[in-house]
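Take a look at this single chain, the form predicted alone, given in structure tokens.
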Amino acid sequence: MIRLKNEKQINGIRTSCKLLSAMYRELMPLVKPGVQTLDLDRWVRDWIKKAGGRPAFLGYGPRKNPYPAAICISINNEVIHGIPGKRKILEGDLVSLDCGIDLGGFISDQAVTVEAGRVAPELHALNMATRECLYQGIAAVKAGDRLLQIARAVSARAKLGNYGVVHQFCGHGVGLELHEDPQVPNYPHGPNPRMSRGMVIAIEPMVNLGTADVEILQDGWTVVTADDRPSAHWEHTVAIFEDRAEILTDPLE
């Protein structure tokens, strides 16, 4: 069931989104060679707590294997849901950050891929193309039109670079829960409801340098490319109004 939000709820989600983007602006300069990903997670937990929020990802998921961190940190061939640990970021890594904040019951969601030091030209091109996929998808949002227009826009941009668009994971409704209906795929398939005023969705292209196929590691969370080639991930939370789409999270590029 798609939950349409009223003005008060959208205002609450917007406030949460602005807080999340403010956190990212301080976090992103810390993502550099030699930094341990576990230290970044500790920093995020502390920042969100001091800001009066709660990490939306921490403890999310099945009771037997909840997500154990406040932020997903996925490096190179890790597409999404990378778990912070003792691993250190290296020069030339692509580091995807994905985080959400629960601020008084209003939930934000945003992802960005950071280039650690100087990356190879093909990785920079992948990262910029994935960001463009995101904005092409957002440009396709219009109340009354069909949801899969987003997917067509994202996949069309990715095809220009012969990149693989991940099929098994996609965007989603968000705002009152972390994951809500509808699913927002990045290639055209599945249900195709009309976009409506009051919908709040997370649009999040996951684009691979090689194959679109992915695998899940034994930790039950980390998603990696099937061919071990790098991936990039960008995401915004977007509210749909009668006459426009509003990006609730701030640009981070």
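All values derive from a computational prediction rather than experimental measurement. We number the residues from 1 along the sequence you see.
Only in words, not in the display: the form predicted in complex with a small molecule, which the text now covers.
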Inset, instruction - Kindly indicate whether Tyr67, Asp98 and Glu204 are, all three, within 4.5 angstroms of the small molecule in the model of the complex, using heavy atoms. - result: yes
Inset, instruction - Specify the contacting stretch among 86-94, 67-75, 128-136, 143-151, defined as having any heavy atom within 4.5 Å of the small molecule in the model of the complex. - result: 67-75
Inset, instruction - Sort through Val119, Leu178, Val165, Val114 and report the residue having a heavy atom within 4.5 Å of the small molecule in the model of the complex. - result: Leu178
Legend entry - Residue contact check: Tyr60 to the small molecule in the model of the complex, 4.5 Å heavy atom: yes
Legend entry - Proximity of Trp221 to the small molecule in the model of the complex, heavy atoms at 4.5 Å: yes
Inset, instruction - Using a 4.5 Å heavy atom cut-off, state whether Arg157 contacts the small molecule in the model of the complex. - result: no
